[in-house]
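Two separate entries follow, structure 1 and structure 2, each one form of the same protein chain as structure tokens.
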Structure 1
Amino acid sequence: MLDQLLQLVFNGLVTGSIFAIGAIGASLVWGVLRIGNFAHGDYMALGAFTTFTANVLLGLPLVVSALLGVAATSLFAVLAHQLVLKPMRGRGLTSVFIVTVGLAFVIRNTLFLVFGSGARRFDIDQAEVYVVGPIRMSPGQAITIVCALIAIGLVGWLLSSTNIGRSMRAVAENSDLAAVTGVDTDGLATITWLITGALAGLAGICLGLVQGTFDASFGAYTLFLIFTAVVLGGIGSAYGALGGGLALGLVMEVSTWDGFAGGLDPRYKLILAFIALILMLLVRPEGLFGKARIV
């Protein structure tokens, strides 16, 4: 039973890392640019499918394909910003949200049209298992752990040690103040989307690897878990999103542990996450770790 718990904790950390990678970008966009991006899950799917194209259809190595997928998603996010979201500047929060709903429909169903509705998989041996002590690990999980460490390290460095990162945090905390102090909001928006797109693409690839198979809607299914992680960590806080993602992943996996009153029926995991999301929005939109702000 303890072995089961350890395995669940490990699985939770893996899914949690994916949530975290996805949530960091979504949180930055929501906090810095005031866009609750409904298409974020579909950006993840885009990352997975561009990687799939390079890896399976063109036969490139997985690592190269993944880099291509990340780059493609990143570019797409910037393109969507320039074409669709930038013209929405100054409009209401709801209007912007609705545009991202439209964007989500376009991406998801274009992927369905191009790749069909069948389940897809990367060119990787899914049957292989690494055993480390009591923990059994799939290659996808191993890759996810490595990717998460690299991505989180890079983002942490970017936010803490570069000017652009510091500007982002300043805007996320107080956009009026940042405007007064002369932050280049246009350039900032582009770079925020560049990072967000790359992270979303990476999260999609990792999720595809861990799940084994995926179709064009698998990102959309994850969207609300990503949003839950964002809100748990406090909208606009990258470190919060990291914590929120890991916490959500752990709770969702460990809640099914037998030692935990027989374990929660996995069918209700999603419902629990949604309830957590609504409750957090109601009670602590500044996040579990955030400090309350005067509105």
Structure 2
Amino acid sequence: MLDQLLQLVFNGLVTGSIFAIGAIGASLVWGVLRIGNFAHGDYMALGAFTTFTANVLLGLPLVVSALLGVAATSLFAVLAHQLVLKPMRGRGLTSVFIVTVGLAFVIRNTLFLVFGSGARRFDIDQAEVYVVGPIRMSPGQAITIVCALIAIGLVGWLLSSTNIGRSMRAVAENSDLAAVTGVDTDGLATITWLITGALAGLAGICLGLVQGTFDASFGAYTLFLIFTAVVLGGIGSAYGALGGGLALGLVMEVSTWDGFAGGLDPRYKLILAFIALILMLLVRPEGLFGKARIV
């Protein structure tokens, strides 16, 4: 039973890492730009399908394909900002919310039209298993752990040790004052979307690797979990999103442990996430690390 618990903890860290990567990007957009991007899950799907195209249809190596998927999603996020979201500036949160929902439907249905409704998978041997002590991991899980460590480390360094990170914190605290003191808010918005798109694309690729298969709608049902991680950590807090994502993944997986009176049926893990979200909003609506903060 202990081996099962250790396996579930590992699975939870892998799942939580994916939630964390996606949640950090969504949290940055809110913290810096005050935009709740409801197309974020479909950005993840776009990254996965771009990688699928390069890896399976064009026959490129998975690493090269993943880099192309991340780059494509990042560029798409910037284009969507410039062409769709930036013109909506000053028209209210509700208008932007509706636009991002519409953008999500456009991306999702375009993917359905191009790739169909069938499940897709990357060119990787999902049947292979690596054994490390009591832990068994798939190639997708191993890749996800490595990618998460690199991505989270880079984002942490960017936010804490660069001028870009300091500018993000300044804009998050007071955008008008930051602009007066010389911060290029338009340029910072572009950089924020580049980072957010890259993180969303990477999260989508990792989720596709861990799940084994994916379809055009998988980003839509993941969006709720991403936003749950954001709320748990504190809306606008990148480090909070990291903690919220890891905590959510661990709770969902460990809840199925047999040691908990037989464990929760895996079918109800999503309900558990929903309950966690409701309790957090009732007990501590500002999240674990507060809101409207980058770090």
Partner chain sequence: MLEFWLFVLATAGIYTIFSLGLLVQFGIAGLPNFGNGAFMAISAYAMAISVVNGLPMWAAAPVGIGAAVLFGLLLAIPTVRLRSDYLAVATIAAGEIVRYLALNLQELTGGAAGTVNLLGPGIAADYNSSWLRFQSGVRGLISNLVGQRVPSDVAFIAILWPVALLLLAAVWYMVRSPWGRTLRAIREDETAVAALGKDVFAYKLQAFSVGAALAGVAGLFFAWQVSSFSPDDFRPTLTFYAFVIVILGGKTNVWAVPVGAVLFAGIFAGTRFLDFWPLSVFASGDRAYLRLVLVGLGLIVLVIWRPQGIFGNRREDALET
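Residue 1 is the first residue of structure 1, and the numbers go on in sequence order from there. We call the rigid core whatever largest set of C-alpha positions still superposes within 1.5 Å between the two forms. This structure is a prediction, so every number in the text was calculated from the model and none was measured.
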Checklist outcome for this item: The form predicted in complex with the partner chain? Structure 1
Checklist entry - Does Leu13 show a Cα shift reaching 2 Å between the two structures after rigid-core superposition? => result no
Checklist entry - If you line up the core, how far does the Cα of Ile278 move between the two structures, in Å? => result 3.6
